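First, one chain by itself in structure tokens, the form predicted alone.
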Amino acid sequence: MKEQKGLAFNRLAALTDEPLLKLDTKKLMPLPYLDAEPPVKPPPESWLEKYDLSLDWHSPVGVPKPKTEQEKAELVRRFLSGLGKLFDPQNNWTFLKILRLTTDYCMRCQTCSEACHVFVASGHQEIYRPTYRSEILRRLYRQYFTPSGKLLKSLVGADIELNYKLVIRLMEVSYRCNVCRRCAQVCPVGIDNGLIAREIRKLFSQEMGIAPKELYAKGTRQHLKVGSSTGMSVGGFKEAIEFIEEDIGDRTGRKIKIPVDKKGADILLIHNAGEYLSWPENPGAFAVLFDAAGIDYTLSSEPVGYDGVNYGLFCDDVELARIGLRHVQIAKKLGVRKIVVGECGHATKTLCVITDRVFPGDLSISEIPRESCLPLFWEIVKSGVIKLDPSRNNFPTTLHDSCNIARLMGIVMPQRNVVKAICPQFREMTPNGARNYCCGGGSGFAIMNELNFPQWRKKVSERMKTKQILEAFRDCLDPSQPKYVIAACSNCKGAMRDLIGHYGLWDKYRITYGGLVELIVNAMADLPKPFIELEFISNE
């Protein structure tokens, strides 16, 4: 691969604190129907003095600047140790095969670049190109771990300079990818540059202990220690359930007791615990729907069992296995027939796909089935067991597909069938389904709020989704008419809240968002009043 015009690979090793890129809203992808947007703010001097922000002046991690030559050398040593383990079958048996295929067979055709929403939305900035970080990793591995690279160096593309600056910038650029794997979808030979971004993160997390605190310290570690990545204790969970039961009564007039720790139920339902705190109407709607449909299910109050998130998926195999194992063990202890995951994309893919690469024997998916809630929704709706009135959802709606559920699991039609049955003014985004763009909050970005990373997220990674939403509603932007973006994923809802607030889509056009199950319940003909309140509550 020739070095790309505009930014050579060795620029990543430049010994300067000047950023390789300064974002400028004038150079970003234009957004339709918006006259202006908030400007990009530079980081304060105090951050620049303390942290290495020399990639693009943003960071979800905030790596302190090494103070001595010894600290700089130690960063490089630990990085090389981790790089060797990444390509060692004894240390990376989970994903080594895909990693090797991707590093060995990329044709450098750049077909993937135009499929990447981050690259396009940034105004085609080279450091965000899907192959950029992959090529650096490929060259480093060849240079330090292959005989041909050690002997022939530049003749075989093994001539990249390695120093502490490159180590820090490579870590940062691995967090400029949502790992939505749209790039892999269009690759003519199936190269997965999204996986490489994830494997780079894994190197830093497992070998060097460097990861966004929202994913590790306040993510998987807190999940395993307290019971939930949100910090919610068992007592807090039980209080949340009591609140939701009262809220259901207020919204529907129904007195529903949500089953918890019911032995031998058909289904263990696991929600993303963020729903209990940020969107309690979502698990509330599940309870109303399942009660009306006669679904035999239970929640769990076991620590870890009441939170379906698994942030190990984004950066750490060991943490992923620890949390996934607890979920499956809790299901076995309850004696349920299967696990159904609520509206959370990454939790669904983790339990239904990824953990099956890790768990053998009686913990495999063939022994304890795991499913998305979306096909079950469609089974309930098409069965006719609940009378639904679509006129109750007679406002413009569009559907955002979670990448983990649609592109990476192939679940595309059940949610569409439901929406078409209950939403008279539904319109698709373009593109949609398996080819839909990421919300911009994928791979944990939606919860990463360290330093000024939220600014980068809103300006770059959420930009394409903002454009898609505005174009989907272009025929009804009149603010007198509320509009609803369906996002059947907790992480995606976080991104929707983010971008709607940042770009003022509620104030300008009355665009809001919410889950799918709320719309189903909103259409229940025998409820005395609407379940959904069409409003927008910012988190700022």
Partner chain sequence: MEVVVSYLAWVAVAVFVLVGLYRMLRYASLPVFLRWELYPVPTEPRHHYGGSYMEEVDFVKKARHHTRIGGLIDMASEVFLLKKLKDYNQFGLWPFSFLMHWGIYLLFLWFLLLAVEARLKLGVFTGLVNFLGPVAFISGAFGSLGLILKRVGNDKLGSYTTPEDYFNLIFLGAVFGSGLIAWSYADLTFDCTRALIKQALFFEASPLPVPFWVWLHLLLFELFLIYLPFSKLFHYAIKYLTFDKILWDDAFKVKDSPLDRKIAKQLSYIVSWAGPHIVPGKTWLEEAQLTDGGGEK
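As the structure is a prediction and not an experimental result, all values here were calculated from the model. Numbering follows the first chain given and starts at 1.
One more form of this protein, predicted together with its partner chain, exists but is not displayed; see below.
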*Tell me, out of 253, 235, 231, 209, which residue has a non-hydrogen atom within 4.5 angstroms of its partner chain in the model of the complex.*
209
*asked:* Between 334, 224, 162, 451, only one gets a heavy atom within 4.5 angstroms of its partner chain in the model of the complex; which residue is that?
replied: 224
*Verify the contact flag for residue 430: yes if a non-hydrogen atom of it lies within 4.5 Å of a non-hydrogen atom of its partner chain in the model of the complex, no if not.*
no
*Indicate whether residue 262 is a 4.5 Å heavy atom neighbour of its partner chain in the model of the complex.*
no
*asked:* residue 89 versus its partner chain, in the model of the complex: is there a non-hydrogen atom within 4.5 Å?
replied: yes
*Find out whether any non-hydrogen atom of residue 111 is located within 4.5 angstroms of its partner chain in the model of the complex, and reply yes or no.*
yes
*Spell it out for me: taking its partner chain in the model of the complex, does every residue among 181, 216 and 356 have a heavy atom no farther than 4.5 Å from it?*
yes
_Which is the contacting stretch out of 200-208, 273-281, 454-462, 441-449, given heavy atoms within 4.5 Å of its partner chain in the model of the complex?_
200-208
_Those residues of 350-372 which, in the model of the complex, come within 4.5 Å of its partner chain by heavy atom_ = 352, 353, 354, 356, 357, 358, 359, 360, 361, 362, 364, 365, 366, 367, 369, 370, 371
